[in-house]
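Only one chain is given next, in structure tokens, and it is the form predicted alone.
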Amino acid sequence: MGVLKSRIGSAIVTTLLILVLLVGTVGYIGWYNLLREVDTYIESPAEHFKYGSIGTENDQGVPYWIWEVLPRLFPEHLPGPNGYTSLGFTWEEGKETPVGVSKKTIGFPRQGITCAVCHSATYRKAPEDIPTVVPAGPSVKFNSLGYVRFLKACAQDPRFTADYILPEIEYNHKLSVLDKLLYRFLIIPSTQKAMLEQGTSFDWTDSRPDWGPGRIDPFNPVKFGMLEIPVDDTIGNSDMMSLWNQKQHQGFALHWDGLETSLTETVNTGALGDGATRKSINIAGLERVEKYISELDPPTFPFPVDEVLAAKGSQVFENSCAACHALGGERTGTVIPLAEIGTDRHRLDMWTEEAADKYNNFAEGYDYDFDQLRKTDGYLAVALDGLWLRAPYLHNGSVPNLQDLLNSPDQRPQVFYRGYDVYDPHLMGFVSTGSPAQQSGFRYETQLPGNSSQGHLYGTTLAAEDKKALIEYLKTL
């Protein structure tokens, strides 16, 4: 009897060990193929800025092999031909992903968004040129809202199935049997659900003017999503900003309305706005981003400059503009009350005291924190370094070039096209009229809410010869 009990006991132990081994094996396979994170390090600070992970792949990143084939499978949901480039993405020669898109393994390859998707400028001297990419400049082409809507439209398409997607993936990548099973029964269905949820979270944009390329409503998605503030009717449409030369901007307020005073917090909130979570945010990677944009000089104007005329314009600038826009100007980097500047108020009204308070408490208990978000009463007097590549102008991108900005508001264009990156060195702005701009760009109408080109009367009463000299000088900043 004792021998029998011993054998039974041994069998139970053996069975339990086998079960533990099986559970462990299944758990390890699941972790390895779905959750295992492989850290990547890009040595070059510039390349890290453009392609390095900031923590957006975990929650809102699309499985890379699915993301790669979406334009080929669902081209009718894009605004034009040529895949993701129709949404303003730009590829550099020899790169797997476009500027502003990372690729990271979290169980399987996933893509994510980086700071550079909105903050890398491009320009062409002529239509036939390859775009020159300028890191930390404001994108004039990237259509952020169009991208979200494209992903949602793909997910809503009845063809978004494993039978339709897997063959296209396998055209480029040989999948193992396990990979095929994971994609068929788990990854593709969960991706569809996530893309639908993300797209639906932006449904409030349907009742407001489109952002268009080179613009974004940066904080309403934060209010309504992360901070769980009920959807209101505000419009925060804003031009994308340049990030370079932060070493010369120390002590300046940040964002168009000066709602932040800490560069570190601004970089970190930017990553959260791009899709990182409180846990996934890559603080070490963002520290590298902050260091890079702090040390990066503004780009040099790539066309000839009339030095004699620019010298005359320097004095005009000193007399008419320097107090608010020169590095070291007494008001540069401070908030100018809306009552004085008179520009479109929608972006200012979008950000609230409630939102600032909630964001300041958002990261409590984490190794990083937010303390300096605030509500202001106007817009920032920005330094003008690299001004030539920051068109269109004003906080909402409502004035296509500097010549128009120096005209009175009633003489500024009421309709123009933005998103075309061929540059006009005489007007100091991107080409915004004519057939090519109309075919490639987005129709901007200043009569729409949030799009007004009113205000900023500074310089509009200068003599014509002074305006010409001033514009020539501004090319040198």
Ligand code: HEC
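Heads up: residue numbers just count along the shown sequence, starting at 1. This structure is a prediction, so every number in the text was calculated from the model and none was measured.
Absent from the display: the form predicted in complex with the named molecule. The rest refers to it.
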Q. So, 241, 324 and 393: all three within 4.5 Å of the named molecule in the predicted bound form by heavy atoms, or not?
A. yes
Q | Contact stretch among 224 to 232, 123 to 131, 167 to 175, 338 to 346 - heavy atom within 4.5 Å of the named molecule in the predicted bound form | A | 338 to 346
Q.
Using a 4.5 Å heavy atom cut-off, which residue among 277, 190, 320, 161 comes into contact with the named molecule in the predicted bound form?
A. 320
Q: Only one of 99, 216, 78, 310 comes within 4.5 Å of the named molecule in the predicted bound form by heavy atoms, so just point that one out.
A: 216
(Q) Considering non-hydrogen atoms and a 4.5 Å limit, does the named molecule approach residue 263 in the predicted bound form? (A) yes
(Q) Can you work out whether residue 66 and the named molecule are in contact in the predicted bound form, taking contact to mean some heavy atom pair no more than 4.5 Å apart? (A) no
Q: Give a yes/no on whether residue 110 approaches the named molecule to within 4.5 Å in the predicted bound form, heavy atoms considered.
A: no
(Q) Quick check on residue 270: any heavy atom within 4.5 Å of the named molecule in the predicted bound form? (A) yes
Q) Heavy atom within 4.5 Å of the named molecule in the predicted bound form: which residues of 117 to 135 qualify? A) 117, 118, 119
